[in-house]
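First, one chain by itself: the form predicted on its own, in structure tokens.
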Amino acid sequence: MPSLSTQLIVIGGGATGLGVAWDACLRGIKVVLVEQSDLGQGTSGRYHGLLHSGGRYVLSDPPSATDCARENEILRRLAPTTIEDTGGLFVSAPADPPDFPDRWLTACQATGVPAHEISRASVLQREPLLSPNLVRCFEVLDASLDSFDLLHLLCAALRARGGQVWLRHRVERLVQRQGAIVGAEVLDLATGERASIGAQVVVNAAGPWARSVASLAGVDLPIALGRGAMLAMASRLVSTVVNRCKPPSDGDILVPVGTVSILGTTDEPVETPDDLTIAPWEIDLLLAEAEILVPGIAGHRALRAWSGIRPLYRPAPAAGAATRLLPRAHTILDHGETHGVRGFVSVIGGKLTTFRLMAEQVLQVIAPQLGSDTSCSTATTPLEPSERRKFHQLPGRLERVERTQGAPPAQLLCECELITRSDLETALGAIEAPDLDDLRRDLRLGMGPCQAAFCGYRAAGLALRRLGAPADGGLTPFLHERWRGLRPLGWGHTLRQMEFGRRVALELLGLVEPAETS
């Protein structure tokens, strides 16, 4: 078995894991990050796109509110190219508790969350589709954040500092000697080969899979999993993040992200991190709540629904508590102190907005164990902007395709998202062990109104020609993922598009329909 030695192993390729590895690299610590799939495959890539102002938590979770407010300001300096400064609103409707806005505003002041009241007339001038029946309106510093871009910047930054990122590698075993974790055995999921990595410390930042990773060390991690469903509308109905100014509940936010509007979210307890089922009642609830903010929203076209899993810390005193009621603040557990397993640390919970702070606090725990006394510099070290094109942004996309400067017109593979053949060829050459779903995260392949009915088989044909395997170019698993969450949306234009795409895939291309697509 091939082997190597490092100082730190980080398990998990979401924002938290990448943030820990980046912070460690800046301190001169040797790092190997291991991720079982692709960047952003878990919670970091399955959220509603919000850069939190902290306003959502000023009453329900004040520490999280303060952390979000501070990290919001820092992240705008570190990675401005990943953020669209939409601004944010908190608005109360006639049926919302009338005393809540004043209590909320007082809590904003106490937690350091910038907020001020503005007139309903100014809000409606900015967002004409909002209900004219709104009672009170407040402005906050919310924004939309492209997590895929952020994760790529973090990955590039830590690699530039000498860190290693092993994608599509799964930790099969944690090596334990004399009560301490001293390394891991890792399986390459693409080749089936195994490798051994020796390390002084292992950080478990596996998100929803953190409990499974901890079990490899004989540790029972107190985690609760909350599944949240979200719904993307096919057009951008608002240009500002809009929150309900009421106690946190299902369906209380509308986020403009790129070309779409996202309705979120529900919160249902689940037992496994792979339970991404979406119930029809969740779609009905999201639309009903959004109707209060944007009257007639059900008449607009829904694009798709998806869900993500929130890993939340639930110690014994909170056993049985609903996931909606658990704090969103993060928890760091040094298992040398909690379970007698030295060299092993888990980080649970938190928000994508606070990933940098979470990483800094993890390093405060493990840096002394690694013999490092270098202070944290992530708050003042900008991430280098990426050369990745902003496929999700409306301005300039069509101009880039049409402006050929004497060259032949660009050949489009995806008309919805304006992805060209050269875009896909470049991505196929750059990505590690590519599959079409990874290309979706990089290029937005198949994320437009047709949901890969046309671009899916074109991209698969190009992938097959370039890579030679699998036999269908990866089209079958890609379409199965695209079909997930569509069934509850089956009405109107969406139903017609779904049926057309299904017939193309099943009858023309001869693919097999998955047993469960909702």
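Don't overthink the numbering: it's just position in the shown sequence, from 1. Please read all numbers here as calculations on a predicted model, not as lab measurements.
The same protein also exists as the form predicted together with a small molecule; that form is not shown, yet it is the one meant from here on.
- Though the small molecule is absent from this view, in the model of the complex it lies within 4.5 Å of a heavy atom of just one residue from Leu50, Val58, Ala463, Cys455, which is Leu50.
- Residue Thr265 is the only one of Thr111, Asn243, Thr265, Gln200 with a heavy atom lying within 4.5 Å of the small molecule in the model of the complex.
- Contact with the small molecule in the model of the complex, defined as any heavy atom within 4.5 Å, is confined among 476-484, 58-66, 35-43, 489-497 to 35-43.
- With a 4.5 Å cutoff on heavy atoms, Ser346 does not count as touching the small molecule in the model of the complex; it lies far away.
- In the model of the complex, the small molecule sits within 4.5 Å of a heavy atom belonging to Ile11.
- The small molecule is not drawn, but in the model of the complex it has a heavy atom within 4.5 Å of Thr353.
- Among residues of the shown chain, Gly308 is one whose heavy atoms approach the small molecule to within 4.5 Å in the model of the complex.
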